[in-house]
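First structure 1, then structure 2: two forms of the same chain, each alone, as structure tokens.
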Structure 1
């Protein structure tokens, strides 16, 4: 089945401009595409190639390039194959269109990405808080968010060498290495 579909998919993709297709193996295709053309691609894949299942939308923060990468994973039950469509959008202001009208599960993925990376999806039905309902900090999955600094600012640490522990250590138990020692790089 999959063998038959493959050339057909290739023909189909030739209808769109500016795509780069990398065939990972017989059932896995990676498509890099300009951000503007993605809705067209999804429309084609869904309507004419049977990729009806949007398994996930994921986001990658390329902070040095000033870009976010959005990856749309599409699965076809007919050809048992996976297409992942990659686009890059500018990190500032980090806005993209929603594909909710094509794939309804997109609403959850987009809401999640909005919460974790701060990307705004125009036309998505709900961009309110999803999982991090008690979080008021910056979107935590952005690369510039320094979790360790935030933790040190917000929480206090328990003493790692209290007296009662020293007694236990003398008897051969307890903590062998302090966290500071453990984190020191070997020369």
Structure 2
């Protein structure tokens, strides 16, 4: 049987300055906090509130604000509730501290964010590539990354006209629009 996130959590969070709390429902809480205060928050949540499971760290690229948002999802088996802690860091230099010492699964999430967004986590046990091992381009999840331009610069295009496609095209099938035609807006 699940328990509601109790007021004691609100009292606990009052120990940290600059915390903004938003209840999403009886079992979900969103906390916005200054980046410098996140390690203190995580220590409190883990040690005194029972949020022992770090289920994810995700990253959002707010390119117009010049920031990355890091979101830490913490689960409490005791209260059956989820806390999402949100911080913002500057896109440049895109560096933050690792929370591996508090939550060992952080190493996986930090490595993934480093690879996809270029954020470096100081103190993380491993920042080497692990998914995009053959990738030599910029971090592909950054909003300024132009996938089509990168493909055009990286690969040579060849006209692909196999016999089986010619037959389909002659019958009215196959690719009817080029990518350029598909991008044009209809009047």
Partner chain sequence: MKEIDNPIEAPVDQSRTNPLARVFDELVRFCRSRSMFMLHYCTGCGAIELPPAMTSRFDMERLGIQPMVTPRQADILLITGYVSIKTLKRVILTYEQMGSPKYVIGICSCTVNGGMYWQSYATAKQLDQYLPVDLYIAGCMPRPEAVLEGMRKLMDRIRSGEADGWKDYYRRYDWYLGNQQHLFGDDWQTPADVIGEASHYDLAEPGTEGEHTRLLQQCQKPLEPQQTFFQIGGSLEKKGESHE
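We call the rigid core the largest set of C-alpha positions that still match within 1.5 Å between the two forms. Positions refer to the first chain, counted from 1. Note that the structure is a prediction, hence the values are computed from the model and not measured.
The first of the two structures is the form predicted together with its partner chain.
In the core-superposed comparison between structure 1 and structure 2, the C-alpha atom of residue 159 has shifted by at least 2 angstroms. Once the rigid core is used as the reference frame, the Cα position of residue 14 differs between structure 1 and structure 2 by less than 2 Å. Its Cα shifted by 5.0 Å between structure 1 and structure 2, residue 169 is reported here after superposition on the rigid core.
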